[in-house]
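Just the one chain here, the form predicted on its own, laid out as structure tokens.
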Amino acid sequence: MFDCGMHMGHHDHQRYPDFARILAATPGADFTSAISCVVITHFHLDHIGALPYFTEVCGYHGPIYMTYPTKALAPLMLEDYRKVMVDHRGEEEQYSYEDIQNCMKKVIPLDLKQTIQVDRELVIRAYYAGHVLGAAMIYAKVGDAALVYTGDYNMTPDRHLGAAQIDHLKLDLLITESTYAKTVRDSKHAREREFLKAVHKCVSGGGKVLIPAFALGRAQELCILLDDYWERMNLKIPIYFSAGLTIQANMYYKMLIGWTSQKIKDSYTVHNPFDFKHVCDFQRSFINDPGPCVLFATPGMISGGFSLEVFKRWAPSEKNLVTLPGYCVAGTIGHKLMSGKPTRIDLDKETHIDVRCQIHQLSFSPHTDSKGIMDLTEFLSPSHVILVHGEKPQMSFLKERIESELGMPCYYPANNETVSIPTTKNLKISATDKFIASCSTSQARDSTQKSNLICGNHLSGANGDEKLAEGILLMEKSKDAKILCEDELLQLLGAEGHSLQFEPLLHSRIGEAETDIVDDLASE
């Protein structure tokens, strides 16, 4: 199972994957025996949010793999989300804090490019994906069938992470995210300038800037950017971060500096960029304080929690700004704001929000764009491509591009739809000593043929040419295939051999026999 996430736009059973599909595919099995392992690509909730539910409630007890940074940061994300859903929204608890702890005890950490033999057939390996700290692409091979599941990735470096890196692999299938299947971004510097200009304009006019962001990932990227800008411009306006887990998160970022960009690794000994000079903690009592400020509030997408609480207070003022730095899932307030500026948002039958603030959308997403997806697909040159993690119209557009420009069959299956991918299976076949000897003997009978060389189980002529040999391929269940002679098979089956004997006739007798047959046919 690649990833075990949740849908941030749903608040009922639809938030989790339909795990019953696993048992339906393997009747009589439980979750642990039905799948070989779970591999988590990174700590975002749409990739890990259902994991404690799957292990502690559904009862999966098999191997779980993720990188060291993901194992360190995932519990912070999961507990933060649990608190938002249970403590602030009063929802029924899906899993407890103890469930999260017990789940993480089952995790086996992965290092980059470390090859893991999961079972007799399955091999997995992790590659650097960019996106967020610890994010990995996963290479998986079963027998001769190989695929790469990208998870979320970024093909361009940013201020705190490097670009995705992967070996040139021989693949039957590439499963790639397609969040920005139709978007080609401006240069990174142009996007940064636009973001800083919008924020500076708002606070200069006395307004408040709300930046809904998850506490890990884009928040660190934007904090580095704003902290540096505030220093250069000598600004005294406060920058706040609402999430209590930010202190823990930044501690891990400092510890896991080896997973960041080369620029940060090079400058780390002089200055740690995660020691923010102008960013400080935000107290709830500050919400109604007068004067300008910049606030990072969790969760991103304004799907609930403190970012929603602040949005309710600040949205009615025209001086304020909400800047959405990335992708927002359908069903969230962030998505509604990005889909066209609404003047009113209804939370429920009794609660609505008047929206008069400025809305600013920036493509600061850590996902790769359309060009990045095409570049990775062309580099890996898989036999087939499957698009996931995107929206149907954009995926359809990208599918056509991949098929027309790269000549690769491409699919974007809907939920619960099955796609069958043909693969070539190569079998390692051993040959019996008797078979090899019989091949050698038969070749030696040809006096015009040069002497043969037998190397291992391979028969070749002295000049290096391959020779044709006939044998019987024996494939028994749970045993390696092998080639043997005819008499070896007869012995194995306990059967008797049969032979045909030919008696040579004199030429004159053959001629007489042919004449007799022709006369008989003529008389008939």
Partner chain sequence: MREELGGDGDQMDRVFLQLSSMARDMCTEVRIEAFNALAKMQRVSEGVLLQSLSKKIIKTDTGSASSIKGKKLPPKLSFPCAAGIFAHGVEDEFYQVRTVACKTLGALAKLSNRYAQKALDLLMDMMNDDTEAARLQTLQTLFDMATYGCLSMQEKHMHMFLGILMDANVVVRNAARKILGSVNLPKLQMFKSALDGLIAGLEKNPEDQDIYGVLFSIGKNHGSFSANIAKHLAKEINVASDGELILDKPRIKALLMVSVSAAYDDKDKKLDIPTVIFSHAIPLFGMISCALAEDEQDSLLSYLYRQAGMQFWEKKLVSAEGGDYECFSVETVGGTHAQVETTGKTTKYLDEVVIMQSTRLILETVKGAWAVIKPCSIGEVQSTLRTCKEEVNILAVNSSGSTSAVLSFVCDYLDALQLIVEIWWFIQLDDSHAFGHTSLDILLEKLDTSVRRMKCCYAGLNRGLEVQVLEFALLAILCRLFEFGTCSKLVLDKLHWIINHIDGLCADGSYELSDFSKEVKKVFDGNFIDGTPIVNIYTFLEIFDLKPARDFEMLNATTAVLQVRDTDSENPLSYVYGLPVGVTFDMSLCNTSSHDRIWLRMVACQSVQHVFLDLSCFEGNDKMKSCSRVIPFYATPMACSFVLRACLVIECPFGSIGTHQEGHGGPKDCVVQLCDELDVYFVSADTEQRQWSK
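Think of the rigid core as the biggest set of C-alphas that the two forms share within 1.5 Å after superposition. Residue numbers count along the first chain shown, from 1. Predicted model only: the values in this text are computed from it and were never measured.
Keep in mind that the form predicted together with its partner chain is missing from the display, and what follows is about it.
- The closest non-hydrogen atom of R82 lies beyond 4.5 Å of its partner chain in the predicted bound form.
- Interface residue remark: Q165 is counted as part of the site for its partner chain in the predicted bound form, having a heavy atom within 4.5 Å.
- Under a 4.5 angstroms non-hydrogen atom cutoff, its partner chain in the predicted bound form lacks V419 among its neighbouring residues.
- Contact check for T343: every heavy atom lies farther than 4.5 Å from its partner chain in the predicted bound form.
- Remark: of stretches 303 to 311, 172 to 180, 279 to 287, 225 to 233, the one touching its partner chain in the predicted bound form is 225 to 233 (heavy atom within 4.5 Å).
- Among the residues H352, R356, K197, K392, the one placing a heavy atom within 4.5 Å of its partner chain in the predicted bound form is K197.
- Comment: its partner chain is not present in this chain, but in the predicted bound form one of H360, H384, R185, K336 has a heavy atom within 4.5 Å of it, namely R185.
- When the rigid core is held fixed, the Cα atom of P273 travels 2 angstroms or more between the shown form and the other one.
- After superposition on the rigid core, displacement of the C-alpha of E391 between the shown form and the other one stays below 2 Å.
- Fitting the two forms on the rigid core leaves the C-alpha of E194 displaced by at least 2 angstroms between the shown form and the other one.
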